[in-house]
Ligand SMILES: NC(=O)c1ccc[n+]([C@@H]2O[C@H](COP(=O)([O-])OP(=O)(O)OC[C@H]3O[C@@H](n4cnc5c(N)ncnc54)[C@H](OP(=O)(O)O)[C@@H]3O)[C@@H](O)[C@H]2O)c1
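Before any questions on binding or motion, here is one chain by itself as structure tokens, the form predicted alone.
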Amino acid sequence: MTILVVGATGKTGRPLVEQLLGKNYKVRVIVRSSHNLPAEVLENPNTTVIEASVLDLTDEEMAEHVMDCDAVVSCLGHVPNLKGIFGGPRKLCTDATRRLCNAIEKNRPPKPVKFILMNTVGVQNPDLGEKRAWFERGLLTLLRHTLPPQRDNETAAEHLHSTVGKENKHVEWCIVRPDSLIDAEVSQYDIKESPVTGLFTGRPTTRSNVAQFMTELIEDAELWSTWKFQMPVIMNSKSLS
């Protein structure tokens, strides 16, 4: 299979690319600078590197890069500093999701392409009527109006849920919602339909585990059937917390 990954130099994108290459998949990555990729990725014959800012690509270039891909994964996120949070592009995740899905649809692939979006547990699944405590709802409302990344994550998920939809002939999607992200090796993890913790009592989620779950979504047809058009929450197993 051929997989396109955007956000490949990030803390989750990098282990995802390494795991996919380890399974002998062909991996295309769109990165602003190839110098941010490890040598083992750059030197792998199954790696194709496209040096560009994903939002600067023309529609024709985007369609070319998603051509013949079995899956597209977005691990894009905002850098956690002042410039990353309040600077541009403020709609990085939303605009990339929209343009990638439009490119897939433009190509009219013979079978649906899997689109996996890494998001956050702070975004709710509208299909499930997920409820939070009143102070958490207030905090999320405040974040939505004061921190652009929160709004960006919400509108990226909303685009898949409402615009791409569940009847699309060319795109099937899954929105992966990790809890509090940490760096560690792959370990046991749990997948839930909805959050089981509060915003202040989240269970740590290893970035490599998020990458592992996304890899399994790509290669396991039964697992994909379970979670397509869903917003699963991933967290480390309770025994590891």
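Remember, it's a predicted structure, so these values are computed and weren't measured experimentally. Just count from 1 along the sequence shown to find any residue number.
There is another form of the same protein, the form predicted together with the named molecule; it is not shown, and what comes next is about it.
Q. Since exactly one of Leu92, Ala103, Ala71, Val171 fits, which has a heavy atom within 4.5 Å of the named molecule in the predicted complex?
A. Of the listed residues, the single hit is Leu92.
Q. Can you pick the one in Leu199, Val41, Ala63, Leu181 that has a heavy atom within 4.5 Å of the named molecule in the predicted complex?
A. Spelling it out, the residue with a heavy atom inside the cut-off is Leu181.
Q. So in the predicted complex, does any heavy atom of Lys23 sit within 4.5 Å of the named molecule?
A. Lys23 lies outside the contact set for the named molecule.
Q) Does Ala8 reach the named molecule in the predicted complex, with heavy atoms at most 4.5 Å apart? A) Close contact exists here: in the predicted complex, Ala8 approaches the named molecule to within 4.5 Å, heavy atoms only.
Q) Within a 4.5 Å heavy atom cut-off, is Thr97 in contact with the named molecule in the predicted complex? A) Thr97: no, not in contact with the named molecule in the predicted complex.
Q) Using heavy atoms and a 4.5 Å limit, would one call Val79 a contact residue for the named molecule in the predicted complex? A) Looking in the predicted complex, residue contacts with the named molecule include Val79, since a heavy atom lies within 4.5 Å.
(Q) Taking the named molecule in the predicted complex, would Thr12, Val54 and Asn119 all count as contacting it (heavy atom within 4.5 Å)? (A) Yes, the whole trio is in contact, each within 4.5 Å by some heavy atom.
Q. Looking at 71-79, 106-114, 128-136, 157-165, which lies within 4.5 angstroms of the named molecule in the predicted complex, counting heavy atoms?
A. The contacting stretch is 71-79.
Q) Who in 18-38 is close to the named molecule in the predicted complex, meaning a heavy atom within 4.5 Å? A) Arg32, Asn36, in sequence order.
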